[in-house]
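Encoded as structure tokens, the following chain is the form predicted alone, with no partner shown.
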Amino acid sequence: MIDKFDVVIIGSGAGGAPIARQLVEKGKSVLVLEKGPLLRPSYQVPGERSDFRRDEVYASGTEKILRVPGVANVGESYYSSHAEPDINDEPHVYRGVKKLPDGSEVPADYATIEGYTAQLVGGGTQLYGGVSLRFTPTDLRLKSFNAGRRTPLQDDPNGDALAGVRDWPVTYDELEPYYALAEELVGINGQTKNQVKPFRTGPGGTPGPGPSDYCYQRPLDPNPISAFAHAGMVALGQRLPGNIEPYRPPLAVITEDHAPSGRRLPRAKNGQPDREAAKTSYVNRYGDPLGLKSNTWVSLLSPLEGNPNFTLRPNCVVTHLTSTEGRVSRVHYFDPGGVRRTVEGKLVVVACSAVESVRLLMLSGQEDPAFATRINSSGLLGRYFLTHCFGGARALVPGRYDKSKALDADWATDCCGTDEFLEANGLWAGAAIYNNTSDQALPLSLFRTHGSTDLDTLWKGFMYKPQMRANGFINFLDYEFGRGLSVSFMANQVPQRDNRVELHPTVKDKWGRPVAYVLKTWHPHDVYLMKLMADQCAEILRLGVASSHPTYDIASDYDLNRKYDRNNEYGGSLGSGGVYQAENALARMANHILGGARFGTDPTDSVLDPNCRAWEFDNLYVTDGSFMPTSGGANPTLTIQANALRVAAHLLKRL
């Protein structure tokens, strides 16, 4: 086996694949090591039978029992997915609280699947909903924005909300061409019109004429249920500063043939591209058997197959890195047969997803004290771990709709992300808001999301509800199916030094290595922000339904023991909130796993330099979401991809 390459990349998701694509195209030899398997869409498999089973988001197989010693939830049941690690083999552990019989609470450790996205080629992009928003310019300069704010920050009782906030060492203008390149190479549909982010670069890097739709493929028609979200966003935007209008959100799903990756839409009987083929909730909520969802395998890595300078090795577990005099000299891993192997790279890129990247660097430090000293010279490795403040609102709307014919989101608004909105509400950062059309689009999805908890057991939401039996269960499905509409927000979490990832002192994985230990809290300002944004989402639903059904009571409750009335006698049901209210709120991450190795301009205040190189290593880079000093007011994948393309340009100059 070849064991020397120009670049070794650990991880094949949003932080690794863009670098591989750019370097292989320029003739550099690249090895991508991926812990999980390669699952191919139907057009890449003989007989066109996809490797995906359409159960990747949750598992419904044999019940398993948690056997991790020393955790408070040992003995609980769970159902593992083939797209995620089995948590008996390699759990993440977080510090939560345990209620005692007398009502008091004590700290306790819990095993969790949170902090993993997906363990397969393409990483989390295989299972994500595909919402691919840019961050705003203010998202990258929140320290500067807040230093010059005119109104006081709300709910900051200790005056420390801004202590850990840093501007990014790159500006939006510097990142913008790479946003455009990512949108072109990955394959995205949607609209740029009405977004508050500047769009300046056109296809192929050409200068753009200003805000237009030239960056994206044409979106599909929205699902009819989304008309309520659109009307509500219009009405809310008219009430808030700037009169911001909604737009079709950028989604990483191709709706036209995509030349950069060679993907083509299925053909209808008349031979024309079948744009509607992508319009299924299976595309966005599961591993996509059609290859229309723009995960990094089909969009960036698959086109490299056959290049003699590109090597992909799936099912390989990287255990640690070794170094000599400030250079990573070897990457150590188990191959699919469990054989220990090593490889060399002139440059080494770690892109395992933030929790696992931090863990890998710490494990490498355990093997070699000199490595530990260099990688953590600032004392910040693992610190300022971030996810997103997230939440929203959900309601039952009048009528019933076939939500299976939908992508993840039909409408979005930036009206809660403007500087004016932040000043008016005492917020340190803003949020993107969009509706989730495909939530609970299939009957089985109602099972997973009703009362869902960390271990994602399919039935747990119903276990303790005796009314969910016989006719009560049938009435629940009849009342809920095709009527639920949710609106979500994604917002920056306050960076806190003590929110961190460590190695657990006692819990080991199946290879005998310490597992990741996540310690995090929500700042009071996070809670204030989530309450405020959840209220905006609820207002969108209220205003949207009232625009066409002014007598419909969207906020009334309903009783599952009563028979569902098809004349809507019992009204709707409206609920809203943020993740801080969840049963396992200290663990929840929305699969947005960020921070822990932030980049910056000061080696005493960051782990990575502006090019995402570890300060005291000549050839070690970290390019997944761990580089982020703030988490951004939107889903992070596109920004991770854009930054990876920026780093790739730097690496090409070095090579």
Ligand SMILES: Cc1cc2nc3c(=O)[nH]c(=O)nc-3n(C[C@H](O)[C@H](O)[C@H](O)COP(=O)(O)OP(=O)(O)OC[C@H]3O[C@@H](n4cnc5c(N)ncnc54)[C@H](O)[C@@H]3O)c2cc1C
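Model, not experiment: these values are computed from the prediction. In this text, residue numbers run from 1 along the sequence as written.
This protein has a second form, the form predicted in complex with the ligand, left out of what is shown; the following refers to that one.
- Only one listed stretch (611-619, 38-46, 590-598, 23-31) carries heavy atoms within 4.5 Å of the ligand in the predicted bound form, and that stretch is 590-598.
- Using a 4.5 angstroms limit between non-hydrogen atoms, Gly130 touches the ligand in the predicted bound form.
- Although the partner is absent here, Cys316 sits close enough that one of its heavy atoms falls within 4.5 Å of the ligand in the predicted bound form.
- In the predicted bound form, the ligand sits beyond 4.5 Å of every heavy atom of Ser302.
- The ligand in the predicted bound form comes within 4.5 Å of no heavy atom belonging to Ile19.
- Among Leu120, Leu407, Val298, Val349, the residue placing a heavy atom within 4.5 Å of the ligand in the predicted bound form is Leu120.
- Residues of 613-629 placing a heavy atom within 4.5 Å of the ligand in the predicted bound form, in sequence order: Asp624, Gly625.
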